[in-house]
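The data below hold one chain only, encoded as structure tokens and taken in the form predicted on its own.
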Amino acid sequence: MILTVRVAEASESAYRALSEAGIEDARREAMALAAACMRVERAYLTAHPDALLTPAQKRRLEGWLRRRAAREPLPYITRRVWFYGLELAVGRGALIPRPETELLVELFLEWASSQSHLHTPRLVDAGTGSGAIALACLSRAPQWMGVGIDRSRRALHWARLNRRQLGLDTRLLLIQADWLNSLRPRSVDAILSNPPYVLPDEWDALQPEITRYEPRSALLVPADDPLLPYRRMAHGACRALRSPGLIALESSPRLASAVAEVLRECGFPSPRVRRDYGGTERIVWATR
């Protein structure tokens, strides 16, 4: 328990509490929690070690430390996460955006830069969650419009918050639906998605931050048909994409080659796999 309201001592107490709870990188997380609690950036804590927490801030930090020690993810506690240079709101019910998913945004932006001839082009982020993929793409591709689709009302709550915060209300339509079922034929130019790709035999090895708190349906593939989300996406994309059109799906190295074959069977003749910066097969994509 924190016995002082000085920032330096509060941060040190937070570090010890998180270390005892087995949190990796406890020092960084302690500083992040203290900074978020005070609504300042971490650099402020370093520059002002004698700044004081108010009694309310001290109580909030103690509560946050208990939650983090119980392995609740840091972004759910602070309700913020960085993705592709954007600060986004995130909380329970929405998958926490990962750095590796930024590769999906990069691939889209590369492809979109060669499609300047398109008139009012539209992208779809299927399973949008917090809206991270769509919002990152739209913030860098100002001529594009977007549609974010998710069947979770809780996830769409966070997407709406982020859409408003980034001033993209008029460019991103959010729909509660299942994958691509709500799209009209030949109505969009790019389809991006980070579908579930965790296999059942991988679940127990994941960190408790994931298995206890993040939405299981956004992570775990169906045990009896691991490729089902990708098959539905590929069939929907065949119907909804205009030509030329892009489909890009995040996957795992255990599924990437099979996902490429799914795209091929659904009419995408030359699917390709892009590796992330760690050399892992990460994105399966194709054009038509």
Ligand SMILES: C[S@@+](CC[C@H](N)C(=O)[O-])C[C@H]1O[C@@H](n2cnc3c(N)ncnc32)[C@H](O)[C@@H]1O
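A residue's number is simply how far along the shown sequence it sits, counting from 1. None of these values were measured; they are calculated from a predicted model.
The form predicted in complex with the ligand is left out here; the points below concern that form.
Among residues of the shown chain, residue 174 is not one whose heavy atoms approach the ligand to within 4.5 Å in the model of the complex. Although the partner is absent here, residue 121 is not a contact residue: none of its heavy atoms lies within 4.5 angstroms of the ligand in the model of the complex. Remark: residue 146 does not count among the residues lining the ligand in the model of the complex, judged by a heavy atom distance of 4.5 Å or less.
Residue contact with the ligand in the model of the complex: residue 162 places no heavy atom within 4.5 Å of it. For a residue to qualify, one of its non-hydrogen atoms must sit within 4.5 Å of the ligand in the model of the complex; none of 251, 274 and 281 qualifies. Looking at 109-117, 72-80, 165-173, 93-101, the stretch with residues near the ligand in the model of the complex, meaning non-hydrogen atoms within 4.5 angstroms, turns out to be 93-101. For the candidate set 187, 182, 217, 207, a heavy atom within 4.5 Å of the ligand in the model of the complex is found for exactly one residue, namely 217. In the model of the complex, the ligand lies within 4.5 angstroms of at least one heavy atom of each of the following residues of 177-199: 177, 178, 179, 194, 195, 196, in sequence order.
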